Every structure is written in structure tokens, then in C-alpha cells.
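In the block that follows, a single chain appears as C-alpha cells, in the form predicted on its own.
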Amino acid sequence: MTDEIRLQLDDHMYERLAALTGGAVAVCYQCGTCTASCPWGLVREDYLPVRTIIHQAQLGVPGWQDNLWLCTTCGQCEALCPRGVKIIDIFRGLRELAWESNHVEKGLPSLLWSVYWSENPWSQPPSQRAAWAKGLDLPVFDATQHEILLYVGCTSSYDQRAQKIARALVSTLNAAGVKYGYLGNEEPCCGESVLSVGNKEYFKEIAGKTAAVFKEKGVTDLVVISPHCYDVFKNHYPMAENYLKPKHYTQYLADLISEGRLKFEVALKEKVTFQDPCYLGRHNGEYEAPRQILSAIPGIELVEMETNRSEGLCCGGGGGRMWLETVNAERFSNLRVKQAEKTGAGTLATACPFCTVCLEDSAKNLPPGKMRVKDIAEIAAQALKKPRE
């Protein structure tokens, strides 16, 4: 006699998921390419079973929430999916359902409360948002005088490592003679962290308020530091699509170089390899702008890692993972730093605050001085002609 296992399938669950994902879940035919390509399989035996999670959710079988929060939304699975399934949309939809049933990873409710009370996910006071710019004498944005709004974002405003990226970009914009302004302590959160963990209704509220601020201040062209901010403004702000024109800063600097407004006169003599941020590359197809900047700097020798562009390895910081603990042995960034080391480069460059923070932490596992992690904005600032004293 065998024990019987009875499961009651939930048709309502399938209908909800189909509605939340715009029907994306219906396209999946369970080939398993997503599971095989997920980078979690590189760092743990208990890999992320993407296919299984989707199928369990389709059928309404309990247990699909167990590994839901591992996903970094890197997009590697989508890049290889033969059916073009929008897997990230499915996972965001599943996370929305998980919020409704209170199956949420420990620490994520605190993230939402931080955004609610402090307008940033870093649990830092709003009054300190512009502290990174102390001594820079930056102008407050004026639509009648400025070409662009420099949108700094929460990470570069509050994280001490990422603040250096913002200051370096300011130096580069100044050298190019760009007329720009920023919003100081009035800069609103873009809401990407909330969207990434699947709380879509709250994200819509944040996006509506931020879009209203931009419209009130006459913002049309804005340059952002984080690819995550860039992606959310470009692809998830439908209420602003008629007037908002976001650019990632590497795209803007590449344009300045092409126009002859930005020139690098200091040779750096560095061998550099580049980490493609997932939200700049796979999510938005921008692979060349960062490389154009590096190629324009005298002395830079660019060497590619074994996987790059659409096949590049995620740093592990997306999808809300920046606010969740990842044990050292399971960090994608550890593998990425080793791949960078194999190129013989002494500098690992990237163009995302999340990547910079994750990769720099992993570079500490190498011998001291073996690998420097720099954002492209920092490299560009180093190559500027030094002003006469």
C-alpha cells in the first residue's frame, strides 16, 4: 500500500499570474533553458529551479515561493529563452503574489518602510541626500538654463563607495562644459528597488510622485548614474513617456566625445577589462557606449573576459539582492573577479554602483593590489587634463 499525495490545483492562481504578467507565463513550454542558464547553478548545488517555479505557479502547486527571492533579475535566462518568455516579468508577478500571501524574504519589509519614511532604500535620512556633493557648489536644476538634470539616485547619494562615482562624473561634466543641475535633497527616489522586489502597486505610487516632480520642474533630458534608474525611467514610467528622455551617463559621455566636447589628455597606461551591467546591457542593449569611452582614453588597453556583453556574468546585486545577505561562497562577483584576473588586467571597470560595490568586495579575496575595481566615471575623471593651480 502506498501513501497517496493529493494536490488541489488552483485555476485562480494561474489566471492571476497571467493577468499580472500580461500573459507571459502562458508562452513557457518548460524546455528548461532558463534553469540551465541561471548563474546560481555556478555557485551552489541547490540551483535556482526557474522552470519548476514557473510550472508550480502555473498549476497553483504550493512551494513555488521557496527560492523566489534568489533571482537577481539579470536577464541571462531571457537572453537564451527560445520562446522569448519575459521571465523577469513572471518573477516580479510571482513576487507580487508572495507579498499578498506574506511569503516574503526577511528584510524586505524593512526595505519598503525605508523607502516610505526616508524616500530611499538605504535607511538614511532624506536631509542627507545631497551630502555627497559637499564642497562641489552644484547648481540646482533650472530648465531654462540647463541642458540636463543629473539624477544621482539613492545608491550614489548614500553609499560611500558609490558617492565617489557621482563626484567623478561631476568632474567630467564640468570638464566638458555641460550646463547641468541637480535636485539636491529634493531628488525623489525612482522606486526601482520597490519594483525589483515585486511590490508593483507601491512602485506605481512612487513613480507617479517622481514623474510629477520632474514635470513640475520642467525636466525632460536627464542623465542617470545607475543602470537600474535608467531602466526604470525608460521602461517602467509610462506616465512620463511623452516628455522624459533618460540616458545612462556612459551614453551621454560617449555623445560628448563624438561631438568633440569631451577630450581626454592624460594617458593612464592601464590594462582594463569591463563588466557589463545587466541593466545596461541585457535589459537595454547598451554595450558599446562604455567601451567607446575607454577606447577614447589614451593608454587604455581594453581586454575582454571569457564571457561578455549579452553573455556576461551578473554581479549578484540586482533583483533586491543588494538588501539580502548572500554567503561569500555563493557570490557571483567572486567568479567574475576571477574571470577578470585571467585576462591579465589590473583594472576591472564597470558602469553601475551595484557592480562596483559587489565586485570591489570580492576583489578583496585576491592578493592586495591584484585587481582594482573602478567605475568608468572614475577612470574618465582620471584622464582629464589637470587644471593649473
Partner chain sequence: MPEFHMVVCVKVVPRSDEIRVDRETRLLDRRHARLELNPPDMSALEMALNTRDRYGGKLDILSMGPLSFEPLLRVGLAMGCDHIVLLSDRAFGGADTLATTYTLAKGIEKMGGADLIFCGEESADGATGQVPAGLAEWLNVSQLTLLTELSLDLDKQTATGRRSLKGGYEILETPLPCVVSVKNASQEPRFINFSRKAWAYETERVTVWNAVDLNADPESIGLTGSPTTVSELARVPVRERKRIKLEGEAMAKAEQLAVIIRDSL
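Note that the coordinates shown come from a computational prediction; the quantities given were computed from them, not determined experimentally. Numbering follows the first chain given and starts at 1.
Another form, the form predicted in complex with its partner chain, is not on view; read the next lines as being about it.
Only one of L108, C189, L183, I88 lies close to its partner chain in the predicted bound form, with a heavy atom inside 4.5 Å, and it is L108. Of the candidates S127, Q145, S295, T220, S127 is the one whose heavy atoms come within 4.5 Å of its partner chain in the predicted bound form; the others do not.
Against its partner chain in the predicted bound form, the set E100, S118 and E201 is in full contact: each member has a heavy atom within 4.5 Å. Only one of 201-209, 173-181, 75-83, 304-312 lies within 4.5 Å of its partner chain in the predicted bound form by heavy atoms, and it is 201-209. Contact between Y243 and its partner chain in the predicted bound form is not found at the 4.5 Å heavy atom cutoff. Contact annotation: L268 falls outside 4.5 Å of its partner chain in the predicted bound form, judged by heavy atom distances.
Contact between A133 and its partner chain in the predicted bound form is not found at the 4.5 Å heavy atom cutoff.
Taking non-hydrogen atoms only, I300 never approaches its partner chain to within 4.5 angstroms in the predicted bound form.
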